[in-house]
Every structure is written in structure tokens, then in C-alpha cells.
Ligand SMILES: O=C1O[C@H](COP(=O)(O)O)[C@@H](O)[C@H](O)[C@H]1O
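For reference, the chain that follows is the form predicted on its own, supplied as C-alpha cells.
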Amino acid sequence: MHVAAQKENSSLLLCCLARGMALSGDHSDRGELRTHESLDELRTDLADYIADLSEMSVKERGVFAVALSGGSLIGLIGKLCEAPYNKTVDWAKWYIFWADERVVGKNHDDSNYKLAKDGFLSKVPIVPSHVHSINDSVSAEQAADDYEFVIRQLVRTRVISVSEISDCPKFDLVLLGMGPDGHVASLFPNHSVLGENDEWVTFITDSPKPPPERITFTLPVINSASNVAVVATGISKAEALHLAIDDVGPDCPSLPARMVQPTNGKLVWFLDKAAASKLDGAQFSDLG
């Protein structure tokens, strides 16, 4: 039986490696880990994941409400602009939002909207009126209030679902990157907005990373989503991922990425080998 079990474990490992995924230990309470040998494999898996969720959501609800972030995430979802996804995805049913945005003009280089438009939205046939960007002509506080109002209107019409256990919006998918400091959206370590439980969208004027003025979804909104994907690549993210995913004990500071814990949804981490290199059990990544 011992030999049989060894063979079974070896077969499982080979199967995972063949799929381009590495075993990264048991992190079942922190979601599903998908660790990839290359960025190209990650991009393909991420495109498959998003396309599958889109199809499922359109079948169930008739729409697909997805919240994007900025940074390298937009480049990593770029395969959706290529065949077969550009033809098979039902783009007319997509509604686009931002989990966070910099309070700058839409044509400013720091704008998450501009990043998404240039790298993704302009390359697929999403209905322009389904793209909900922030009001960039007002203060950060007013922009957050206005954006929450827009989301509330779309919850009323069920373009966005509503959580079964709170009044929070339930996005079909929230796509997040993660910074080397463990921040997600514009929720930074030790910032007071991490404790914001009443607002859906809040604002900051003191971002430790420029530009200083931003709006961001609050943790209750992120954690009310049906699906949350955190995408992180590169060695600079390795330590933060260890603190966000592994069982590090109560004495370690809780990073914003660790506070991403969907209450009635599914969390998936899309990582490359470098980002996953400090996770417990990461030695499995080097086998083969």
C-alpha cells in the first residue's frame, strides 16, 4: 500500500506539473493556488478562468459584472483580446468597473481607466455605456460618493447582484493585483480605510504610492464578490504572498491581501514561480 500510495502521489505531482501548475502546500483556507512555470502559461490560464466565469454568469444572470484594478494586471489579461476569446466571449453582456482608481484625468498616465482602455477595452467589443469609470472632475471624496451611487443604482436593477448575507454588491468577479507591500486595490497596510465597513467605495488622499488621491472598494465589497482573483508575479511579491497566504501565526501583521477572504465566494491566486517561491511547500515547485 505504501508503494501504491507513493506511485499515486508521484502521478498526481506529474499531472500538476504537466498542466503547468506547481504544488504549493495545503492552503485550502486561503483559496486555490495556481502557480505557473511561465507568464505565458499564467496569461492563458487567467484568460480561460475569466472566459469560463463570463460564460457561467451570462447563463445564470444574463450579464457579467467585473471589477478591474491597475498595474501589471491589465497586461496579464491581454490574451482575452486574442483568438479564441475575442470571438467566443459574449462581450455585449460585460459591465466593467474599477476596484480602485487614481483621482486623475482619464487621459493621465496614472489613470487605471486609461491603462485598461489602451491595453484591453479598446481591443474587444464591450458596449461603451457598460464601462463605468469614476467622475474625474471632482474631489476624491466626491468621486467615491458618486461611484458608490452608480453601483447602488445598478444593484437596484440587478446588473450587479446583491449579497445574500449583507446589502453589499456581489460582483461576479473582482480582479486584483498585489503590491510588494501586500496592498490590494488601494487598500494599503495599516491604513484606516481597512476598517471601513459602512461605505462600499471610499477614498484616500495619502496613498504611500503616488498619486496620493484614490478611490477604492472597501473590504466588505471585495469579500462579497462571487469570485475574487489575485494576480501576483515576480520575486518582489514573494514575501508578501508568504504573509498573505501561509499560516504565519497571530503575531505577524495582517496585510490587506490576507484580509481578502470572500464570505460566500471563491478566491483564486494566480502566481508565477518567483512570486510563489517563499510559500510553505514551495519546494514542490522545483520538482520535475
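Residue numbers here begin at 1 and follow the sequence given. Keep in mind it's a predicted model, so treat the numbers as computed, not measured.
Form predicted in complex with the named molecule: not shown, discussed below.
Q: Just one of Val201, Val174, Ala185, Ile134 has a heavy atom within 4.5 angstroms of the named molecule in the predicted bound form, so which one?
A: Comparing distances to the named molecule in the predicted bound form, the residue within 4.5 Å is Ala185.
Q: With heavy atoms only and a cut-off of 4.5 Å, decide whether Ser161 touches the named molecule in the predicted bound form.
A: Although the named molecule is absent here, Ser161 would stay clear of it in the predicted bound form, with no heavy atoms inside 4.5 Å.
Q: Contact with the named molecule in the predicted bound form for Ser72, defined as at least one heavy atom pair within 4.5 Å: yes or no?
A: Contact with the named molecule, yes.
Q: Would His108 count as a contact of the named molecule in the predicted bound form, using a 4.5 angstroms cut-off between non-hydrogen atoms?
A: Residue-level check for His108: no, no contact with the named molecule.
Q: Would Met178 count as a contact of the named molecule in the predicted bound form, using a 4.5 angstroms cut-off between non-hydrogen atoms?
A: Taking the distances in the predicted bound form, the answer for Met178 is yes, it comes within 4.5 Å of the named molecule.
Q: Checking a candidate spot here: are Asn112, Lys209 and Lys237 all in contact with the named molecule in the predicted bound form (at least one heavy atom each within 4.5 Å)?
A: Looking in the predicted bound form, the three residues Asn112, Lys209 and Lys237 all sit within 4.5 Å of the named molecule (heavy atoms).
Q: Please pick out the stretch from 83-91, 135-143, 96-104, 164-172 that is in contact with the named molecule in the predicted bound form, where contact means heavy atoms within 4.5 Å.
A: Contact criterion met by 96-104 only.
Q: Relative to the named molecule in the predicted bound form, which residues of 189-206 have a heavy atom no more than 4.5 Å away?
A: Residues within 4.5 Å: none in this stretch.
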